[in-house]
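Single chain ahead, written as structure tokens, the form predicted on its own.
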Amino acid sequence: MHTREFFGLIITIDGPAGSGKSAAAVLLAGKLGFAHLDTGAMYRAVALAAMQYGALHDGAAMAQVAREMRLEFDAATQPARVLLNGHDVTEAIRTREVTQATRQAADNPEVRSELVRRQQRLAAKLGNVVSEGRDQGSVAFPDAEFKFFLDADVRVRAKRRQQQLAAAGMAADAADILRDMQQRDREDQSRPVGPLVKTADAIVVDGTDLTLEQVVDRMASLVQAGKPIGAAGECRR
């Protein structure tokens, strides 16, 4: 059954850590007048909540935290602020500690099941949506009208992440970031539930040598041209 019967138009952007999919999703949503759904923030919020409740190393307890937490996105700002149980955690969920802990939330089958349900409910409520993550085109919205897979060389991705952290006032060693990112790539691709996969009908955009604006322009032009799903291939400029 096609997604369109229940949702508006769904655009998914999947890709590895540091590929720029979050920033691209925000800009693409703004360009098209769509809502933006940051699923990575949802897993980060679960990890933070689990840390706060001492449930990080207890799978069942973490799943309970995921089911009971109150998670909201304040769309008054772009990107939207993330509210966890009424508290603004937009910056707190981006710390290195939470980033490392997020792996445990992402590998928890019950947590993933709960968050996918939440993602689908949010999409149904929001209408036209750009949803980004690592399993959006494969699990959360397998019938999405447009599926993009945003990729880039891992060294380029690590450098960009270092620049993002520096801009936020958080110093980090480039070698450490690269090593963490390579490890994260391996874990994301091999996790037993919701692994990072490039679906057969995804449109691949290699952003290694492209600016963020060029990446977004490329995706927007394909959507506006009505390029049919299933037109898999690699897009460059």
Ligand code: DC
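Quick note: we count residues from 1 along the sequence shown, nothing fancier. What you see is a predicted model; the values in this text were computed from it and never measured.
The next section is about a form of this same protein that is not shown, the form predicted in complex with 2'-deoxycytidine-5'-monophosphate (DC).
Heavy atoms of no residue among D151, L210 and Q214 are located within 4.5 Å of 2'-deoxycytidine-5'-monophosphate (DC) in the model of the complex. By the criterion of a heavy atom within 4.5 Å, R67 is excluded from the residues contacting 2'-deoxycytidine-5'-monophosphate (DC) in the model of the complex. Contact annotation for T39: at least one heavy atom lies within 4.5 Å of 2'-deoxycytidine-5'-monophosphate (DC) in the model of the complex.
Interface membership of A106, defined by any non-hydrogen atom within 4.5 Å of 2'-deoxycytidine-5'-monophosphate (DC) in the model of the complex, is confirmed. Remark: Q162 does not count among the residues lining 2'-deoxycytidine-5'-monophosphate (DC) in the model of the complex, judged by a heavy atom distance of 4.5 Å or less. Judged by heavy atoms within 4.5 Å of 2'-deoxycytidine-5'-monophosphate (DC) in the model of the complex, the contact stretch among the candidates 152 to 160, 68 to 76, 81 to 89, 132 to 140 is 132 to 140.
Heavy atoms closer than or equal to 4.5 Å to 2'-deoxycytidine-5'-monophosphate (DC) in the model of the complex belong, across 178 to 214, to the residues R184, D188, R191, ordered by sequence position.
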